[in-house]
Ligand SMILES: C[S@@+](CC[C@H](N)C(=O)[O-])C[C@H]1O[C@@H](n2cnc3c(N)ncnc32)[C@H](O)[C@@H]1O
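Given as structure tokens, the chain that follows is alone and in the form predicted on its own.
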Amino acid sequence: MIVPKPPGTHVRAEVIGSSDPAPTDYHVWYYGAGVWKSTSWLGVRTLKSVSDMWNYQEVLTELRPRLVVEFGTAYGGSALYFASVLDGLGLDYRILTVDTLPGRIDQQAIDHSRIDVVTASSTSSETAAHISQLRSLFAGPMFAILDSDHSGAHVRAELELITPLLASGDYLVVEDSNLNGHPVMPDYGPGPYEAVESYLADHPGAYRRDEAREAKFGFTFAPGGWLVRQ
């Protein structure tokens, strides 16, 4: 069955190694219907694709990071989710979540003993210094996710900031690269997808694309954005 597409959208096959339109049709429906807006973890809004969230816990289980860095806290649901997974793994860890709008962050995230909630720009020197400090205190693998301002220029600046702070083997996900017709919101303008493409063109060898992880569940809100630091 082909899922109806919301008005004003167009579809192109984005699934790596597949010409089957069904995953992209589902992606466009899922996004356009706002399913991700009603997703929560422990009662806190999470604003994610649930298949991406499942993928994240598999990455965390394999990587076993000591530090998770999240640009874009929103309500705090994803920070709590990462903490739940890492607690389940029995790790000694810290989560740094950064946002410029602290007023909407749920108290559960603010009160969590292993989550540092910081009000700052994700591209500021303050944020870079905080990451560096936590890396020294929680030595080991790092998982990072970029999910704040989705304009291409801002995401490019985030990539410029965080890449030197990542070690070989660390994992980075650039969220919402599905915008600007990849395959949703074709009139969005340059966004995360374009930022990743331009950064990788200017810095060949900085990252390896994890294409198997990206394709695992048929669609992702982060096409082209599942990256392993080289």
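Sequential numbering from 1, following the sequence displayed. Bear in mind that the values here come from a model prediction, so they are computed numbers and not experimental data.
We do not show the form predicted in complex with this ligand, though everything after this point is about it.
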Since exactly one of V98, L159, I95, M142 fits, which has a heavy atom within 4.5 Å of this ligand in the predicted complex? V98
Which listed residue (L166, L47, L67, L60) meets the criterion of a heavy atom within 4.5 Å of this ligand in the predicted complex? L47
Three residues, A74, S78 and D149; all within 4.5 Å of this ligand in the predicted complex via heavy atoms? yes
State yes or no: in the predicted complex, is some non-hydrogen atom of S121 no more than 4.5 angstroms from a non-hydrogen atom of this ligand? yes
is_contact(H154, this ligand) in the predicted complex, heavy atom dist at most 4.5 Å: yes
Would you mind picking out the stretch of 186-194, 166-174, 47-55, 24-32 that comes within 4.5 angstroms of this ligand in the predicted complex, counting non-hydrogen atoms? 47-55
